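Take a look at this single chain, the form predicted on its own, given in structure tokens.
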Amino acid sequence: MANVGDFEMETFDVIVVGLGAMGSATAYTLAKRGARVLGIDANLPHSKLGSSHGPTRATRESYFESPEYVPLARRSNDLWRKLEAESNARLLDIKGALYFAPQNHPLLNGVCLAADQHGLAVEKIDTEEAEQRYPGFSVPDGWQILREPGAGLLQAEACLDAFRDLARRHGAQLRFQSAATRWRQEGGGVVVTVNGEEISAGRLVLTLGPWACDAFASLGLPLKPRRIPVVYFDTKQPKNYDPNDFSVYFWAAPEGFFAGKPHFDNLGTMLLRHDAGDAASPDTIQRVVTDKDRGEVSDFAAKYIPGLNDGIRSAHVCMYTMTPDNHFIVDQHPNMPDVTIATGFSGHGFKFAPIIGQMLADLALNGHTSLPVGFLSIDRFASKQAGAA
């Protein structure tokens, strides 16, 4: 406890604000390293208001966004397996990814570049062979299909539960429905106001999801929240979308960039548009999936994935927090040396949660990390302005 006049303030080594995938992984990693950790989140566990909800998330290694992600993705897969062992829960199932695009499309070139630079296996499939192996897809003539065997699916809610349960087992305190409304540097550390009460710590980690856009406005970060409708279809041919055949698929088509997952009896078959969505705020977003949302995804499915032909089973809205280059921001706060931030995961961050947790723990405890994070630096965007929030 820190003394403030006659009042004893709660004190921790590190406070983590935001307990989605990144914050939960960070709280777990810090606690496992012996730090006294407080994790707080304004919402309930498994809230549907941020970016970490939903049944599954994809993981992949032949990273078309940039080969720089490949070492991080491979290390994350190793860490997911370790988390499985420690939590005694099944979290990751690897059955591969399919990529569909016209010949020489940047999507295909990006997959091949990442694979070539890091010695990953990628199988090239022509349209005739794809018709035999994957009859649920209608691939236009002249297109190319790639199969990456190292991709998989994460059980998202089980992953969050594993991080949080193990964080508590290692001594962390996690408090949900606890809103952090302000933080400031003070006396060689930080003071965070939580539900009107001030709590001190040596270090602060901010993993705020889409709420980062407002929280970091003074830094000039070009963060843009994006509304993403996620649609689950029924199918009369579930064997054509068997989860033993693939874990995830991506289409780069003239209509847009779409991503989907196989058929699960309890869910249906998921499809979403990945490259576009309405600008949104987490406090004002339209959370009801509209007829227009359903129509865009259904029209795409009718043309390219005709087996999704038995109606829509369910739909929900997710949020991406986008950066202009679609790369994350993981770094020290430019004005507050005891504050570390992670944001801008641009719709492809969840798979990296274990390694992001290690990066943030390194930065919070040591002020630096040996992990390859230079391309995720805040210096790409940030301006140095006001220091508190």
Ligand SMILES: Cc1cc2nc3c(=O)[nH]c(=O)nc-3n(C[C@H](O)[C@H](O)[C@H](O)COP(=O)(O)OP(=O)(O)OC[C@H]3O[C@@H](n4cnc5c(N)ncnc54)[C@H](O)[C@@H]3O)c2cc1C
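Quick caveat: nothing in here was measured; it's all calculated off a predicted structure. When you see a residue number, it is the position in the sequence shown, counting from 1.
As for the form predicted in complex with this ligand, it is not shown, yet the points below apply to it.
Only one segment in the set 332-340, 66-74, 345-353, 28-36 has residues whose heavy atoms sit within 4.5 Å of this ligand in the predicted complex; it is 345-353.
In the predicted complex, none of the heavy atoms of E61 sits within 4.5 Å of a heavy atom of this ligand. Within 4.5 Å of any heavy atom of this ligand in the predicted complex lies no heavy atom of A172. A residue is said to contact a partner when one of its heavy atoms sits within 4.5 Å of a partner heavy atom; A101 fails this definition for this ligand in the predicted complex, lying far away. Using a 4.5 Å cutoff between non-hydrogen atoms, A121 does not count as a contact of this ligand in the predicted complex. Note on the partner interface in the predicted complex: the residue among L92, C318, V111, I199 having a heavy atom within 4.5 angstroms of this ligand is C318.
The partner is absent here, but in the predicted complex a heavy atom of A179, alone among A85, A279, V288, A179, sits within 4.5 Å of this ligand. Across the proposed site, G18, G23 and S52 without exception bring a heavy atom within 4.5 Å of this ligand in the predicted complex.
Contact residues in stretch 203-217 (any heavy atom within 4.5 Å of this ligand, taken in the predicted complex) are T207, L208, G209, P210, W211.
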